[in-house]
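Just one chain follows, in the form predicted on its own, and it is written as structure tokens.
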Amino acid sequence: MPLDTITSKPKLKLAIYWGAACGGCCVSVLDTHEKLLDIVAAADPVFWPIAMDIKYKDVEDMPDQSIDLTLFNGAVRNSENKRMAQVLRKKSKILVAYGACAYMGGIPGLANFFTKEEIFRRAYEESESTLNPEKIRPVPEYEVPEGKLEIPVFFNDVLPLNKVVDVDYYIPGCPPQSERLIEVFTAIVTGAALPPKGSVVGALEKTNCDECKRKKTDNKKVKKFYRLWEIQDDKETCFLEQGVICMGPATRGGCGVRCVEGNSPCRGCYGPPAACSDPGAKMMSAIGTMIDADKPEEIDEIIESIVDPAGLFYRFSLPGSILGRKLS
């Protein structure tokens, strides 16, 4: 049932919140284009910081379970994000981790390769543009003549949403494709049967490789890995077979393979396929089967040609992976 044919149903109450995020997920809602009018016809936005002037206190005063659907995008980086995750969980009937950051930690989650102390030292003392001889750092509370100033507490770890509150569904992507949002939103509005709680929706069970139209050949062995700018892509052959890391084997389909269609390898933003709990481990396993070498030193040399493997394989998923963070 198209959204624009729903006239008899009462309008839903919709909330959209961003935690540690870039704003791209909020923009993806606007990228529904004319379908946005259908969304507004079916649901009243009651909380959306990027688009509405509404205070946290207003949300806290709402009755519990009064919000039908909340799209929470962004990771949990600080105490403000955590507080709003808890408030919105209490106020929402359906809470969706919307986008890679809420789902797995996303790009902000790469900070888990460092500690809070290392991040603060670099940002406030050591960076090339910093002039801070007194080594002043932000503090959660500071007294001034006008009163007390407060800022959120910066956590040591970046967390995906489900490490903080109970999550009903996950919509992956950086950002999610707007078509997938329309599909999920339509199902909720029309009362269609939803998958079991905890499911990844707006995505496929199979991998991006299953959807990719690039040619696969018999050449599955690689003597060296390249960054994309180091080779002349033929725009036809599988990136991996050309020696370019493509996260397709470890990434859930559903995005329309748009990066690959644009002649760029998959980055992994849709997260692991259904049978995989750790996309980084799965990708390393796939790479291991392609290394064309017998001697240990030759294997090491080929592996060394992969620039920043940790950041590459866990670009969107470190906080939600088996590793979670770099361990001391």
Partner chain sequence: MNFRPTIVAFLCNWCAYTGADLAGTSRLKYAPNIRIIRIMCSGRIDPTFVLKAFQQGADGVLICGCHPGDCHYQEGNYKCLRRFKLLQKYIAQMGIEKERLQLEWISASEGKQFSELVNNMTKTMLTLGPSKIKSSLEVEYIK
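Predicted model only: the values in this text are computed from it and were never measured. Residue numbers count along the first chain shown, from 1.
Just so it is clear, the following notes concern the form predicted together with its partner chain, a form of the same protein that is not shown.
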| Does its partner chain come within 4.5 Å of any heavy atom of residue 186 in the predicted complex? | no
| said: Residue-level question: is residue 178 within 4.5 Å of its partner chain in the predicted complex, judged on heavy atoms? | reply: no
| task | With heavy atoms only and a cut-off of 4.5 Å, decide whether residue 309 touches its partner chain in the predicted complex. | result | yes
| query | Does its partner chain come within 4.5 Å of any heavy atom of residue 261 in the predicted complex? | reply | no
| said: Counting heavy atoms only and using a 4.5 Å cut-off, do 163, 281 and 296 all touch its partner chain in the predicted complex? | reply: yes
| said: To test your reading of this chain, name the stretch in 154-162, 90-98, 251-259, 201-209 whose heavy atoms come within 4.5 Å of its partner chain in the predicted complex. | reply: 154-162
| remark: From 43, 62, 46, 287: within 4.5 Å of its partner chain in the predicted complex by heavy atoms is 287
| request: Could you check which residue among 303, 30, 52, 37 gets a heavy atom within 4.5 Å of its partner chain in the predicted complex? | output: 303
| said: Taking the cut-off of 3 Å or more as given, in which direction does the distance between the C-alpha atoms of residue 219 and residue 231 change in the predicted complex, closer or farther? | reply: farther
